[in-house]
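Below sits a lone chain in structure tokens, taken as the form predicted on its own.
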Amino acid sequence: MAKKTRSPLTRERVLGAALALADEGGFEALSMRKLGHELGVEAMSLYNHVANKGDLLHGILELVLLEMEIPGEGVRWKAALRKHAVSAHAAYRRHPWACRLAVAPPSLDHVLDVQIRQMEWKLGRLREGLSEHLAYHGLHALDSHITGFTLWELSHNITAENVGDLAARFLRLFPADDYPRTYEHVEQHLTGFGRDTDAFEFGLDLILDGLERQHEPQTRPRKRRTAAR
């Protein structure tokens, strides 16, 4: 019987397996020993392809960031930034560990070139439609919405299966007579209120529309005052 040949070990194969393990158990649970076992090799052989654990995390985070769409120049600045933000949110949803690692890398050595390239692209697109002042704050608003909303969303342990029990427990602790608006909000969750609107995109549009509106008065020509007669 012919002996089954194993695919040669490459950096791409190592990172692909590491990405899958991180998606399954988080990047904290990722180890060279576990990765070597997954690939059917000794852990020491991995160091021919990644320098250390930091390089490994650097590599798999880069794979996630490269999934994020960067629209071409033919797309207007606002639509381009919206596409990128929606794509970034989706990538972080697919890889729940990645957002936390991107926001708080272990050291400056782990700030990726692709992160800086994306920042440069976002600032460039913002400056196409906005003033320097608005572009400065707009970048922070966009990035904080992408990462902040995603981290908030991923931290919830509410599912379709347990939402009823959680709501009932909450409402026992905080009666409707004392917290009428909060009670109403919980009831809305239970009845599916607002599910026809994507919450991430709703907040994103508020940011982009708000930036555009703030810039509009600066772009309109001022009316000349007629001299008093």
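Take the two forms, superpose them, and find the largest set of C-alpha atoms that agree within 1.5 Å; that set is the rigid core. Numbers for residues come from their place in the sequence shown, where the first is 1. Not measured: the values here are computed from a predicted model.
What comes next is about the form predicted together with the DNA, which does not appear here.
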- [ ] Name the single residue among Arg181, Arg169, Arg33, Arg195 that comes within 4.5 Å of the DNA in the predicted bound form, judging by heavy atoms.
- [x] Arg33
Open item on the list: in the predicted bound form, is there a heavy atom of the DNA that lies within 4.5 Å of any heavy atom of Lys53, even though the partner is absent here?
Closed with: yes
Open item on the list: Given that the DNA is not shown alongside this chain, does Met44 nevertheless sit within 4.5 Å of it in the predicted bound form, heavy atom to heavy atom?
Closed with: yes
Open item on the list: Using a 4.5 angstroms cut-off on non-hydrogen atoms, would Leu206 count as touching the DNA in the predicted bound form?
Closed with: no
TODO: Check whether Ala20 has any heavy atom within 4.5 Å of a heavy atom of the DNA in the predicted bound form, and answer yes or no.
DONE: no
Task: the DNA in the predicted bound form: contacting segment from 198-206, 170-178, 25-33, 65-73, heavy atom within 4.5 Å - done: 25-33
Open item on the list: Relative to the superposed rigid core, does Phe200 relocate between this form and the one not shown - that is, does its Cα move 2 Å or more?
Closed with: no
Open item on the list: Aligned on the rigid core, do the two forms place the Cα of Ala51 2 Å or more apart, comparing between this form and the one not shown?
Closed with: no
